[in-house]
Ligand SMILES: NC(=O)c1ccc[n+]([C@@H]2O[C@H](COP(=O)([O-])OP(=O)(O)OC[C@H]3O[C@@H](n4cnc5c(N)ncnc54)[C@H](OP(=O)(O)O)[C@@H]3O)[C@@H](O)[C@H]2O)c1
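Read the single chain below, which is given as structure tokens and is the form predicted alone.
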């Protein structure tokens, strides 16, 4: 649901997942038909047709952030299981209402955070849980891209609607990763934000988790960043460039450097497989991207 710039990558992700790509839906049936023909998808639908189609089990919502709530409500009321592209909603009230509706209708609702479900991040989480780098003390992560002077290239909704700005757009990646790897709820945090025009163009934050882990994140549209994640433990550290989509990382331990490497067909297929696994197990929330996990991310979004 929603055939913007990210749609081809989601299409590829579904095709490398356990799911079957049944249809593409757009407000404009001609756009649906054009992309279905281009990517070999069997059914071109409008949103209204999609909601009425009883063959559809799951809707992947990839519309603009400010429309996520409206579209999730419609899908859940049509008794569809829903995975919503990050950030799931723009405020806690929307999240509470939609998760209640999903629960009441015995449906699965999940925020799509592909960066938590890639083979590399799953491998690294396993190494951390095994104690390979000891007790985690500090996590640093950033996602920053230089759009300075080129904000006219951004979609209007990413500047003047709910869910606008770099924190909602790319800042969610480091925040979600740090929350996931810390395996703890947020105890306290501090934010440093810069607004240009009506939207956030720079943000950084310090997080203290209940288990004592410290984290720092940075996101920006004003300059390019290192775009790495660094995980520091008492016995070593792990370093990942472009952590939301990479297949390689460095493990530093005992004065030696080791490469961690995995294979991956699509950075979107892992989250879709996880969603389908949850359905197969009759779960109504993901154990990784639960309602609570989405709430923890929303705490830091402005």
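Numbering follows the first chain given and starts at 1. All values derive from a computational prediction rather than experimental measurement.
We do not show the form predicted in complex with the ligand, though everything after this point is about it.
In the model of the complex, the ligand lies farther than 4.5 Å from every heavy atom of residue 241. Proximity of residue 47 to the ligand in the model of the complex falls within the 4.5 Å heavy atom cutoff. The ligand is not shown here, but in the model of the complex it comes within 4.5 Å of a heavy atom of residue 66. In the model of the complex, the ligand sits beyond 4.5 Å of every heavy atom of residue 205.
Residue 155 is the only one of 155, 211, 106, 190 with a heavy atom lying within 4.5 Å of the ligand in the model of the complex. Of the candidates 27, 253, 33, 250, 27 is the one whose heavy atoms come within 4.5 Å of the ligand in the model of the complex; the others do not. Of the candidate stretches 79-87, 176-184, 197-205, 132-140, only 79-87 contains residues with a heavy atom within 4.5 Å of the ligand in the model of the complex. Contact check at 4.5 Å (heavy atoms) against the ligand in the model of the complex: all three of 3, 114 and 268 pass.
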